[in-house]
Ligand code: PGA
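What follows is a single chain, given as structure tokens, in the form predicted on its own.
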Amino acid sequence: MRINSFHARVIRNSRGEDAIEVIVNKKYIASSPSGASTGVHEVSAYPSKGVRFAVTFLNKYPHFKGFSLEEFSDLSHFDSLVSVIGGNAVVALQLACLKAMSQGKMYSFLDAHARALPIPLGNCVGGGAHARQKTLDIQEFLLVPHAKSFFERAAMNRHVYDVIGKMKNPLGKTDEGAHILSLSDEGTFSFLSELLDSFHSYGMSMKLGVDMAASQFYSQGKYHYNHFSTVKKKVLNPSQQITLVNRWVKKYGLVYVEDPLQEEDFSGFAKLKKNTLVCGDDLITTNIERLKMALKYKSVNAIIVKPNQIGSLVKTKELVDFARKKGITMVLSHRSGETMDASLAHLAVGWRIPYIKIGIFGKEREVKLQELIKIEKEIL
């Protein structure tokens, strides 16, 4: 594929922030989201000069016109730009080029024999850094649907989401479109576990998971819950936090627990029972060296994959291949400040990633769900 034309510009993400969009050969468009809950080990989304500098730099970059890309690994040519324009800009650039290389069929370009669709982890109730008002300490309560087709899984998530909205009169929505409820952390667990149990009688098999984003409420060696229950706050040391998480897993049948401890506690993660998916996001930040550290400690059995955390599609794929070889379950994830780019759908299928977090509500989330439904019709 030869780059005949190239253009970068500033757009707005779902939080109303500046984001970057790249257009290659006039028709292949890609953009990068930004996170509100970010790990300290992520590459910079944009260095100190910001997104507008990145756009100007790319539009003046002398090597684009006439540059040729043939294989996925050729995208590594742009990795050296991360320190100059940031991980978001490089990933947007690489995605636009990948779309051009594949003529829009990214998933089949990545794997011509791909046939599996991921399970969507549906963010139905939220708080933490994703809410613009004082609410739950836990960042995301996630639906984990079980059905044969992706279409059915997505429909189940949306149905439960709508039921919650009718039952609880939400206070609003988080950055990712999840309901904000006037409940405590434990009250939300009880409500959702009882609700999902009631759906079983209708033949809907759904489980519950959480993204705790514990680094957000960790300070001075302790975990500070401001909304633990309706009657009290709670401050826990690391050992007590581990006991609490293990208790919640057992009591509420949690099948997925993301970032239940702060982002440097590899040894603490190792003490969590692995009878569920214990997933590292801020702990790993899509970084293969941090995953190797986690494997050394036996910290996790699942990881979040976010390309712009590491600032390279090629490095992300290296992590995916390594994790699969080591038997680590992967979850490809959106960010809270999302765009209308549906590339995550193609990466999930083309890289055979078993789970995906792309939300339930909002046009930036729904476009990715619809793209996966479209892909499912094409390959099955």
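As the structure is a prediction and not an experimental result, all values here were calculated from the model. All residue numbers are counted from 1 along the displayed sequence.
A second form of this protein, the form predicted together with this ligand, is not displayed here; the remarks below concern that form.
**Study point:** Contact at Asp137, Asp185 and Gln241 by this ligand in the predicted bound form, all three, heavy atom at most 4.5 Å
**Key:** Judged in the predicted bound form, none of Asp137, Asp185 and Gln241 sits within 4.5 Å of this ligand.
**Study point:** Partner proximity in the predicted bound form: Ser31 to this ligand, non-hydrogen atom cutoff 4.5 Å
**Key:** Outside the cut-off, so no.
Check your understanding: Closest heavy atom of Ser312 to this ligand in the predicted bound form, within 4.5 Å or not?
Key -> Heavy-atom contact with this ligand at 4.5 Å: absent for Ser312.
Check your understanding: Quick one: does Ser336 come within 4.5 Å of this ligand in the predicted bound form, counting heavy atoms only?
Key -> Flag for Ser336 set to yes.
Point to revise | 4.5 angstroms heavy atom contact with this ligand in the predicted bound form for Lys368 | key: No, Lys368 is distant from the partner.
Point to revise | Residue stretch of 110 to 118, 138 to 146, 244 to 252, 185 to 193 approaching this ligand in the predicted bound form, non-hydrogen atom distance within 4.5 Å | key: Selected range: 138 to 146.
Practice item. Give, in sequence order, every residue of 198 to 225 that has a heavy atom within 4.5 Å of this ligand in the predicted bound form, or say none if there are no such residues. Key: Read in sequence order, the lone residue that approaches this ligand (within 4.5 Å, in the predicted bound form) is Asp211.
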